[in-house]
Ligand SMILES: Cc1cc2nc3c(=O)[nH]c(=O)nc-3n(C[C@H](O)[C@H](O)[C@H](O)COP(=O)(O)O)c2cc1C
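Encoded as C-alpha cells, the following chain is the form predicted on its own, with no partner shown.
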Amino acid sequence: MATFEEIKISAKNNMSICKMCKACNGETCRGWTPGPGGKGSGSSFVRNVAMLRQVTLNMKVLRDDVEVDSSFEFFGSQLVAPIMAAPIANVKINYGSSVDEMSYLNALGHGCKLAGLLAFLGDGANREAFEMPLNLHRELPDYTVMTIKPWLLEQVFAKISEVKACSPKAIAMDVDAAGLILLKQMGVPVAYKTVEDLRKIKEFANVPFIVKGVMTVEDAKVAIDAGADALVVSNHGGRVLDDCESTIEVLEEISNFVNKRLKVYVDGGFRSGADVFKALALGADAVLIGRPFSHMAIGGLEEGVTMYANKLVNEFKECMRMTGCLTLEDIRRNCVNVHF
C-alpha cells in the first residue's frame, strides 16, 4: 500500500499542467483557465484558501470522555461525515492528467463510497462528458450526485430525464457555470437562470434540487423562492469571477439569512478536516472539496481517494474532540474565532 506522500508524488508525475504545489493555494497557477487556476489574476482562488486561515478554533477539553459522532444525512443517505467531493470534470484539460477521465471518475466514486462519503459528478460540453459520469452515477446512485450545467432549458430537461432514470438522491446545477467563457466560446448553450427557470427545473426533477454557485443573500433568496432543497455557497473555485469574495467570508451571512429553510453547503479552498469544522461553525451543513480529491484520484486512483477521505474524516473528528463537540449539532459559532 502506497503512503499519502507517495500518492502525492505520483499525482505530480501524472500531471503536466498542475504543479501539485506543497500548498494548493492558487498562487502558482494564477490565471490558468482552462487549467487548474483561478480566473484573471487568480485572486478569487487565492482568497478562498487564504481567508480560511483567518478562522481559528477554540480548544475545549474538559468534558465527558465519550466518542464523537460525525455522521451526516444527505437526503436519506448516511455518510460518515459532512464531507463530499466537489464536481471536477475533464482532468486532461484542467490538470494535464495522464489518467483518463473514466478511470478518474471511477476512482473518485468508488473511493468515496469505500470511505463512507459521497462525490458530486460534473457535466461537459459534449455527449461523452455527460455519459461517463452518468454511467458511474447509474452504478453508485447512493454515493454520487450529478451536477448539470445551466444549459438552455430544453437541454437541461433532456439531461435530467436521463439522470432521473438512475433513481438519484438529488440533482445539482452549478448555475455560476453560465459565466464560463470557454463554454460560450465553444458555442455551447449555457445561460443564466431566473427564479422561474429554477422552479421549472425543480418541478421537472421531482427530487431534491441543489443550486450551486450562490455568493449573496439575494441569490440565496432566489434559490429559496424557487423551492430548492439546498444551495452551495461557491464561486466555482475562483474560476468565473476575478476579485471575488471568498466563500468563507460570505458563508455566515448567507447561512443566517437561510435560517434552516434549506440546506447550506459550501466549497472553495477547503483542504483539511479543520477547514470543514470551520465551515460548520459558521453555518454550513456540509463541505464540498475539489482539487485535493482530484489530485488523489490522479495519483492513487481509488486507494488515493479513500486515503484522503479517511484523512479528512479523522482530522474533522479530532477537531470535534478537541473543541468539546460530541455531535454535529454541537459545532456552533462560539467554537471559532473570525479574524476578518
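Heads up: residue numbers just count along the shown sequence, starting at 1. What you see is a predicted model, and the numbers here were worked out from it, not measured in a lab.
Keep in mind that the form predicted together with this ligand is not shown, yet the notes after this line are about it.
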Query raised in the report: Among Lys8, Ser10 and Gly96, does every residue place a heavy atom within 4.5 Å of this ligand in the predicted bound form?
Result: no
Report task. Quick one: from Ile289, Val55, Ala281, Leu312, grab the residue that has a heavy atom within 4.5 Å of this ligand in the predicted bound form. Result -> Ile289
Report task. Given that the partner is absent here, state which listed stretch (87 to 95, 187 to 195, 223 to 231, 108 to 116) has heavy atoms within 4.5 Å of this ligand in the predicted bound form. Result -> 87 to 95
Report task. Tell me, yes or no, whether Pro82 is in contact with this ligand in the predicted bound form, where a contact means a heavy atom of each within 4.5 Å. Result -> no
Query - Touches this ligand in the predicted bound form: His236 (any heavy atom, 4.5 Å) - result: yes
Report task. Answer with yes or no whether Gly35 is in contact with this ligand in the predicted bound form, where contact means some heavy atom within 4.5 Å. Result -> yes
Query raised in the report: So in the predicted bound form, does any heavy atom of Arg30 sit within 4.5 Å of this ligand?
Result: no
Report summary line: Residues in 261 to 285 that come within 4.5 Å of this ligand in the predicted bound form by at least one heavy atom, in order, are Asp267, Gly268, Gly269, Phe270, Arg271
